[in-house]
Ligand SMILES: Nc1ncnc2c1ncn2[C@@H]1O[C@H](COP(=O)(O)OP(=O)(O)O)[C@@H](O)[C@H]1O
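Shown below, as structure tokens, is a lone chain in the form predicted on its own; questions about how it binds or moves come after it.
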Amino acid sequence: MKIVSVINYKGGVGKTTVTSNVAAQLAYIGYRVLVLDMDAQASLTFSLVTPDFWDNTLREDKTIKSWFDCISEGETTLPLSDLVYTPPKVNSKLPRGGNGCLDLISSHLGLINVDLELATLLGGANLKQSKVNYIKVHGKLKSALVELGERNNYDIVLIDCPPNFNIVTKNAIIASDQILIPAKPDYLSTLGIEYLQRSMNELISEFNEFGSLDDNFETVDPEVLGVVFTMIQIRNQEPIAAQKQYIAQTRRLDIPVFENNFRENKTIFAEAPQDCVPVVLNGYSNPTYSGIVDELEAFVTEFISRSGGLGE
């Protein structure tokens, strides 16, 4: 099983669009997929279930906040399997008799406060105890996801991270085998990519250093799969000149960049969450729209190739 975090410091770059469509296409072609929404805005959650359903059925005790609350309150954590929900509408779009599925662990607005609560657990009577607590707080999600993956036989977990570097995000990165960075090709969206990579490297180095205090500790080393550019404006079958400039600039950072990208189309990408079905699973008669679906499928093919195979 692969665990992949989808992250960018900058919000509004199509992070949730990437996560939902990659997950849906992987499920369509036969993979068992779990999406974990760690962003307090809950955009991914509300792309797969309605706000009313979430409020009535999931909000109280079936979100990732419930799991983090156990940690901050010093209680035994819930099994993540208790939080898994299988959204019926998106799964009804998958081939009948196939092996694929798309499951969800939803988010909660209260995740905004969880970071403050977890921070109180990072202290200790001495430096060694502080380091032990650091490993406990930041490394908890990894073991829980591995256990869940084995239980439910998932091929991949996709984590939609918040646009910041708080303790919740750090848990996701530490848990990950790979990192996917969506970015809009403009000044602000690409500005933080290098800083994000540097922050991740510092986190991983610190976590592994502190973990060396434990003889049973396994080092972590998530790989950056690459940057996928979103909201691409096409002219003459290629990105407009202003966007090509930022794509080329990012390639010079020595960070992998996906060849395939997400074209801008406010109509279908804005409407899809209301229907709780990602764009890639919709059949469109409009050739422009169907062409976008073809591009999404091509990206997922490249994603599988770069990931080194799923379910391993």
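Numbering starts at 1 and follows the sequence shown. Since the structure is predicted, the reported quantities are computational estimates derived from the model, not experimental observations.
Another form, the form predicted in complex with this ligand, is not on view; read the next lines as being about it.
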query	finding
This ligand in the predicted bound form: contacting segment from 59-67, 239-247, 262-270, 27-35, heavy atom within 4.5 Å	262-270
V13, heavy atom within 4.5 angstroms of this ligand in the predicted bound form	yes
M231 within 4.5 Å of this ligand in the predicted bound form, heavy atoms	yes
